[in-house]
Structures are given as C-alpha cells and as structure tokens.
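As structure tokens, one chain now follows by itself in the form predicted on its own.
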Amino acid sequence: MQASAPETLLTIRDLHKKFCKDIRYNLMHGTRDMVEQAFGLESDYMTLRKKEFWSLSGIDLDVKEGDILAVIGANGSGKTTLMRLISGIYPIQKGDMNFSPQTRVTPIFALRSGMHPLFTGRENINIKGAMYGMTKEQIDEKMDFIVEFSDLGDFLDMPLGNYSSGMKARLAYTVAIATDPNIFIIDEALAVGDSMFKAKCFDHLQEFVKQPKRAVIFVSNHIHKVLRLANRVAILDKGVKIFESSDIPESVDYYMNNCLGRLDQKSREHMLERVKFYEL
C-alpha cells in the first residue's frame, strides 16, 4: 500500500513585509495610513516610501508534516521577520499565509520572557504555560513531562532567581514544547543548557516530527546543527528566498559561498576551510 503524501501544514505565497529606517518617517507614514483608512482609502503597500525598505519580498514557502526546516541567512536577511509573521506577531499586509485546520503554532523567541525570579520553577511553569494559552488543566497534564524533560529536580521548588541562565533556558524551552504544537518555531534558541540537554532536545525534535501533523522550523546559522538536524533548508538573503533544498550539504555549501561571494576565489576557499574547521 502506497504511503500517503505528507500533509501541508503551512503555505506561504508572495509574502512581503516592509519597515522604515527612520522613526520620524515611520510616524509620518503611519499617520498617513491611519487617515487613509479612516476615509476608506486604499494605499499601495507595494510602493516604498521614503526611508522604507523590504525586510521580506515575494517569499514562497511550504511547511509539511515531518519537516525540520532550517531557515538560514546572514544577519538582516529577514529570518526573524518571517518567523514573527508566521507566529502572528506581525500582521500580514501583502501575500497569503494559510494553515491547515486547527494548526497550533508555538514560537520561541525570548525564552525567558514573562518568567519571574521571585517565583519558584513550578510557579513559573504556570505563568509561562498561561502565556502560551494553556489552561491550568492542560499545564497539570503536562507537568510530569516538564519535570522529567527539564531534569531540574529539586530546583523546581526553588526561586527562579537561584537558577543559572542555562537552567532558566531549559525550563522555558520545556514549557514551550509541552504546548504540543503542530508547528514549533525556534529562533536561535537551540543553545539551551549543557551539551547533554542539547542532545536531548535534538533527539526529541526528531521524534516529535514523526507524529502526525508535526513540523519544526528553526532559525540558526550554526552549520553543525543544520547538518545534524534539518531535513530541508531555505536560505534568505536581503529578504528574498534564494535557495531551498532537501540536500543539506549542498544547501550549506551554497549558503557559505553566498556569504563569501564578495571575496576572491583564494580568499573564499581559505575562509570556507576556517568556517568548516570551527563550525564542524
């Protein structure tokens, strides 16, 4: 019997997002937009006004169940903007983004946001879980998993202020994955805890996407993590998707060569050697 094709959890087509470099012009453009909306006028979003620039331009992307999709690119390429659009933090003003029915998205951006140093780890689990939209009953159902996966032991009953930064990150990460999302978004947050805990996270993510209607999108420029974890790579450059492939070594080579494109051949080969030495 032929296996069914993986379900598409997210479809993105022709997605654009612009920002303004200057706060004065940003306020001026925003005021103009509000006035036009008040009078029922439509502005042309595709026209860049003074000091505006495209953070994302014409992005097409599909996320299917079973995906561990790495979104990589140099600083300022639009990676975090794309994740915030998918997460609903930024409004979509040009383009289409469609989720399969009842798709839950859990993003990790600022891991420790909303956590209070005077409250215990267990109390912070309830706070963080509520921030993700979990009910008290849902948090209680996941408590055993959180206790086991975070591996914090007696520290869970101590104030968070006594935790190391790695312990705080471990607790916050565990609460996030305990929301049982369909799409789990990790933005530069895989460097949590010590090496043992990182290995535990990587193993868990690979098992996580084997469940129906589950996928992971992670933003990382750490080449070693991409090679070890991802089964697909999308590369952004100055707001444009310039490459996408399930051939991970080819994708990594393309990314590094694109980053080093300004160098001559000899300098590029030398720098590639050094990057691979330190990263791999």
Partner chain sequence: MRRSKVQIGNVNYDYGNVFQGWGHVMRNLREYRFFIQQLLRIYLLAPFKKSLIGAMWLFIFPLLTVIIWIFLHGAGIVDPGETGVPYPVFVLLGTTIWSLFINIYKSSSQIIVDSGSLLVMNKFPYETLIVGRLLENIITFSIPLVINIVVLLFFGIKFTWLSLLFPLTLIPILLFGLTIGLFVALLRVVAVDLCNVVDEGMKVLMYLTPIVYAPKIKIGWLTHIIDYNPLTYLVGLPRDILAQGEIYEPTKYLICTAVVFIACPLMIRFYLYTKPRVLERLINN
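Residue numbers count along the first chain shown, from 1. Everything numeric here is computed off the predicted structure, so don't read it as measured data.
In what follows, reference is made to the form predicted in complex with its partner chain, a form of this protein that is not presented.
In terms of contact with its partner chain in the predicted complex, the residue from A172, A178, L152, L85 that brings a heavy atom within 4.5 Å is L85.
Proximity to its partner chain in the predicted complex, taken as a non-hydrogen atom within 4.5 angstroms, holds for one residue of V147, A199, M131, M158, which is M131.
For the chain shown alone, S113 is a contact residue for its partner chain in the predicted complex, at least one non-hydrogen atom being within 4.5 angstroms. Contact check for L27: a heavy atom falls within 4.5 Å of its partner chain in the predicted complex.
Although the partner is absent from this view, D33 contacts its partner chain in the predicted complex, with a non-hydrogen atom inside 4.5 angstroms. At the 4.5 Å threshold, heavy atoms of Q206 stay clear of its partner chain in the predicted complex, well away from it. Each of K17, E52 and F109 places at least one heavy atom within 4.5 Å of its partner chain in the predicted complex. Only one segment in the set 164-172, 94-102, 70-78, 206-214 has any non-hydrogen atom within 4.5 angstroms of its partner chain in the predicted complex, and it is 94-102.
Taking its partner chain as it sits in the predicted complex, the stretch 118-145 comes within 4.5 angstroms of it through a non-hydrogen atom at L118, F119, E123, N126, I127, K128, A130, M131, Y132, G133, M134, T135, K136, Q138, I139.
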